[in-house]
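Take a look at this single chain in structure tokens; it is the form predicted alone.
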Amino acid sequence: MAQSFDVAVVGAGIVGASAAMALGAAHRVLLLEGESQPGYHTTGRSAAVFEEAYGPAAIRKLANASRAFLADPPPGFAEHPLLKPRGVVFAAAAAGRASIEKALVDALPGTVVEIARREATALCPALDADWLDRALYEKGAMDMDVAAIHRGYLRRFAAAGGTIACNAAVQALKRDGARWRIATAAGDFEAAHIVNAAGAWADEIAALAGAARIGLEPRRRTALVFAAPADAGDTQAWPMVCEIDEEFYFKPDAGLLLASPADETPSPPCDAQPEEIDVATCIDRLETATRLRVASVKRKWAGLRCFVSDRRPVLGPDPHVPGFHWAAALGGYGIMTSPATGRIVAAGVQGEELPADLAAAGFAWSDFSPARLRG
């Protein structure tokens, strides 16, 4: 006989885990994960920086709504702080002047300021002053302990009586009256509600449920780590540096430097792997804009960031499929927005209005609904 739950969350990455925690206190919740461990894909491959000046307007507001939780999580959520000061310099060559102006207009009040070139190169001496034309600084940007955030969600979910099933890839979904029948590689389950937090596989899960796809676009992003030159000084005190149009970024990382060409290469849902051309592109861009030289790559990897056409998240109930809810298309911003997105998804499952702080920030359900993508 199939185990019965109120809610089944498909996908135990950061988005699914935050939704499961938000729902777990009041409902019997099952968290299904297709891999052998939660967070194997995108969650475990993040640059791990909290930025309120990064991403589309909706993402910046969701990050702002998530900051309080990450800065001061509930007692027992983690053993140490989840955020540590880092700061981000948004750097531009002469060709990026218009993007600097746009970023200043679009930024949430108080998040970024323009700084002189000498200030930017003082913050990060690796920047090539001959390449640099203008720079912005987001002092409030933070490093995130992604593993601790993810583990905290899962711990609180389990403490509330939640059930996690790994190696449980969903094979079939069928609506039977007011409940869903769920066939997985780990057995059969049933639930009144399904939350689709399946990352790059979210459209595939929707198809199993008879829901219209949202046109999800998984895109590969590459990262690598390397040792700084011996004469680079205290690199671990540097801020993150992000080229204003996301041609590259780099930041300190556990005694090394992490860099990315900020690529967005279309990809099918998969266990993404880095391509040598993307690694070479990253090194070339880095060595053009900085005085760094990459003698050898210590490690490289890739992950998938998933978007829809308007680059806003898809969260909440599907208007055409009862009991089916979305938590998808976070575009690589899922970790820093996870406290807010978890609350949004939980409100949708419970048939509630948006949380008051998010409504006050100007959000409405229509901003997140898949209906906006289907007309």
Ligand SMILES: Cc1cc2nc3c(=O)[nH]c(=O)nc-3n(C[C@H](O)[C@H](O)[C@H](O)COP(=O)(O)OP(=O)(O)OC[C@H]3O[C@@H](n4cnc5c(N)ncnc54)[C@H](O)[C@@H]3O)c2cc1C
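These numbers come from a predicted model, not from an experiment. Residue indices: 1-based, along the sequence shown.
Only in words, not in the display: the form predicted in complex with the ligand, which the text now covers.
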| query | finding |
| --- | --- |
| 4.5 Å heavy atom contact with the ligand in the predicted bound form for all of 179, 323 and 370 | no |
| Interface residue in the predicted bound form among 316, 55, 339, 34, criterion: non-hydrogen atom within 4.5 angstroms of the ligand | 34 |
| Residue (of 107, 170, 92, 126) lying close to the ligand in the predicted bound form, criterion heavy atoms within 4.5 Å | 170 |
| Stretch in contact in the predicted bound form with the ligand, which is absent here, among 191 to 199, 94 to 102, 133 to 141, 118 to 126 (heavy atoms within 4.5 Å) | 191 to 199 |
| Residue contact check: residue 15 to the ligand in the predicted bound form, 4.5 Å heavy atom | yes |
| Residue 10 within 4.5 Å of the ligand in the predicted bound form, heavy atoms | yes |
| Heavy atom of residue 331 within 4.5 Å of the ligand in the predicted bound form | yes |
| Residue 289, heavy atom within 4.5 angstroms of the ligand in the predicted bound form | no |
| Sequence-ordered residues of 240 to 270 touching the ligand in the predicted bound form, heavy atom within 4.5 Å | 249 |
